[in-house]
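Below you will find one chain, with nothing else, as structure tokens; this is the form predicted on its own, and questions on how it binds or moves follow later.
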């Protein structure tokens, strides 16, 4: 998906200012938002919530830029609860459950839960190996993808094979395209390949990319 969320390589977004000894949460409410996500996860079973990342990337661009990191998370959580009728707008506004409404029911998980997002113990032939020259395919999907826009069409070198993982991409409705187990490689792109002569010849960017995103250079 092409959108403002894919900020890698963009100019004019302000300086990067690392915070020394940065806390996990800057405000108490941020920790609560994280906890909210963990506590409501089971309520998404059987309710077809789709990809969380896709939902984040579907926020209106002006809102995405205005919101802080956990504000975006909170908005997605709320949209999911409202969209599934697990809470109503009145309940959200008041902070109290409507006693006249039936209690929501937990649904059983889907029959096909997929392979998840972790390292898989499956045999898949690797198309590339260390030191292979590759090019990131120039893809522009309508759904979520892990292929950064700034790498598309750019040449790089495979540094490491990280093993086999299920593809995490989605369609234009946020639904997983399928597992498609494949190797994920760490690919080194020189800064000048990505951004031209204004970049230092000594700098490189390392990106982990699914095999389906790559083609021989």
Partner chain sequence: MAGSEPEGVGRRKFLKEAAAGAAGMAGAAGAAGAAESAPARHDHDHDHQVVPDDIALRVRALESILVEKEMIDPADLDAVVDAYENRIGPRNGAQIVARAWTDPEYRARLLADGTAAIGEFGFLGAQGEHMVVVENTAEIHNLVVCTLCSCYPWPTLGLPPVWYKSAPYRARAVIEPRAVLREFGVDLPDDVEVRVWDSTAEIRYLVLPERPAGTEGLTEEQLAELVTRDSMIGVARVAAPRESAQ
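Because the structure is predicted, anything quoted here is derived from the model rather than measured. Numbering follows the first chain given and starts at 1. Just so we're on the same page, rigid core means the largest C-alpha set that superposes within 1.5 Å between forms.
This protein has a second form, the form predicted together with the partner chain, left out of what is shown; the following refers to that one.
Chemist: Taking the partner chain in the model of the complex as the reference, which of 126, 107, 78, 122 has a non-hydrogen atom within 4.5 Å?
Modeler: Checking each option against the partner chain in the model of the complex, the one that comes within 4.5 Å is 78.
Chemist: Which listed residue (63, 27, 179, 171) meets the criterion of a heavy atom within 4.5 Å of the partner chain in the model of the complex?
Modeler: Filtering the options by heavy-atom distance leaves 27.
Chemist: Just checking whether residue 160 would be counted as a contact of the partner chain in the model of the complex - the rule being heavy atoms within 4.5 angstroms.
Modeler: Contact with the partner chain, yes.
Chemist: Even though the partner chain is not shown here, does residue 175 get within 4.5 Å of it in the model of the complex, heavy atoms only?
Modeler: So residue 175 does not count as contacting the partner chain.
Chemist: Is residue 39 a contact residue for the partner chain in the model of the complex, using a 4.5 Å heavy atom cut-off?
Modeler: Although the partner chain is absent here, residue 39 would touch it in the model of the complex, with heavy atoms inside 4.5 Å.
Chemist: Does at least one non-hydrogen atom of residue 215 fall within 4.5 angstroms of the partner chain in the model of the complex?
Modeler: No, residue 215 stays farther than 4.5 Å from the partner chain in the model of the complex.
Chemist: Pick out the residues of 72-89 whose heavy atoms come within 4.5 Å of the partner chain in the model of the complex.
Modeler: Residues within 4.5 Å: 72, 74, 78, 81, 86, 87.
Chemist: Could you tell me whether the Cα atom of residue 19 shifts by at least 2 Å between the shown form and the other one after core superposition?
Modeler: Residue 19 C-alpha, core-superposed: shift of 2 Å or more.
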